[in-house]
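We begin with a single chain expressed as structure tokens, specifically the form predicted alone.
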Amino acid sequence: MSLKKAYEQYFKIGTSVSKWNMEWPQAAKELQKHYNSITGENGMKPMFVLDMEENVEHPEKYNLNPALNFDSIRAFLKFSTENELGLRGHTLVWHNQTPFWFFKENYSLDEKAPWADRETMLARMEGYIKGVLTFVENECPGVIYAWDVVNEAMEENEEDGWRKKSPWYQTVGEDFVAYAFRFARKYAGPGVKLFYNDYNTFLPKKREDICNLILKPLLAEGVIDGIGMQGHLILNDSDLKEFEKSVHTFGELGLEVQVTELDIHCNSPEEEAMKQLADTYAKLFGILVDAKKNGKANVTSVTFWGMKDDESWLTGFRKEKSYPLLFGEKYQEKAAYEAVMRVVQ
């Protein structure tokens, strides 16, 4: 039985994919077998959509409405349609992987150039969101079922919670999040769900800041549908009790809960480490199934961040070999896969 079949009565099962995954037949076969949802690992982020040449060469034309190139997004839409996979849009507004020149006066390539003013950046934000959402709805309506509208606006080390180094915060202010969701709600297609996405959502202070500064105000406006809990965990160093508390806390707000970027960093392939990894995945999926089954939270999707260990971003990020997923380098099923399947079998 496949992952998606085992969990079909609970929530979607997804994974992140790259352009390479979509072009390799074996990867496509595994995607069709185990998943009913995919997320573009990088290709739908602003740096791959903003047309640098057009914007930089013609700033007077595009100053308030940036030029966009949809080739990368089109590839994900095409693959999702051909393989009958739902697609999570990731991400519209983020401080990272958005080129610095997008925030500069006249799209200047000089890093020391002044920031564009608030009104200009709000216009650029609306132009970008409108352009992307209108394109995907016209190109393949209904394929993208959810968008991460804003990614990682909170910083747990800041006293008031906001990520102040974000160029969005510096050019617009903390209400950039509210404006992003207003624009997304204005231009999103029918039935498309809008999510706020962040990491370390299981940390008590960050959970509280996200609830009070982002989720509750957006809920009051009626412009948000869900919370994305990224789920980048570390074996033996992540508190699943706090993770469970966050799932329930977000669920009590009436929001959909999606685990959007799940992996568990494990730096050893040895049997004991793989058993610990399997046990942790079993506990995590037990929490999610229990929340869904017993009405503690409306969990609607779980997305792994990568298809197999040797493709994981964590090896580079952690600067040590990581074995964080359910499948090995030849797509062989690991103990973690078997443990996840046993949760619902």
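Position 1 is the first residue in the sequence shown; the rest follow in order. Source: prediction; values computed, not measured.
Although not depicted, the form predicted together with a small molecule is the subject of the following passage.
- Residues of just one listed stretch (23-31, 60-68, 36-44, 283-291) have heavy atoms within 4.5 Å of the small molecule in the predicted complex: 36-44.
- For the three marked residues, 48, 97 and 152, a heavy atom of each sits within 4.5 Å of the small molecule in the predicted complex.
- Contact check for residue 130: every heavy atom lies farther than 4.5 Å from the small molecule in the predicted complex.
- For the chain shown alone, residue 90 is a contact residue for the small molecule in the predicted complex, at least one non-hydrogen atom being within 4.5 angstroms.
- A residue is said to contact a partner when one of its heavy atoms sits within 4.5 Å of a partner heavy atom; residue 232 meets this definition for the small molecule in the predicted complex.
- A residue is said to contact a partner when one of its heavy atoms sits within 4.5 Å of a partner heavy atom; residue 261 meets this definition for the small molecule in the predicted complex.
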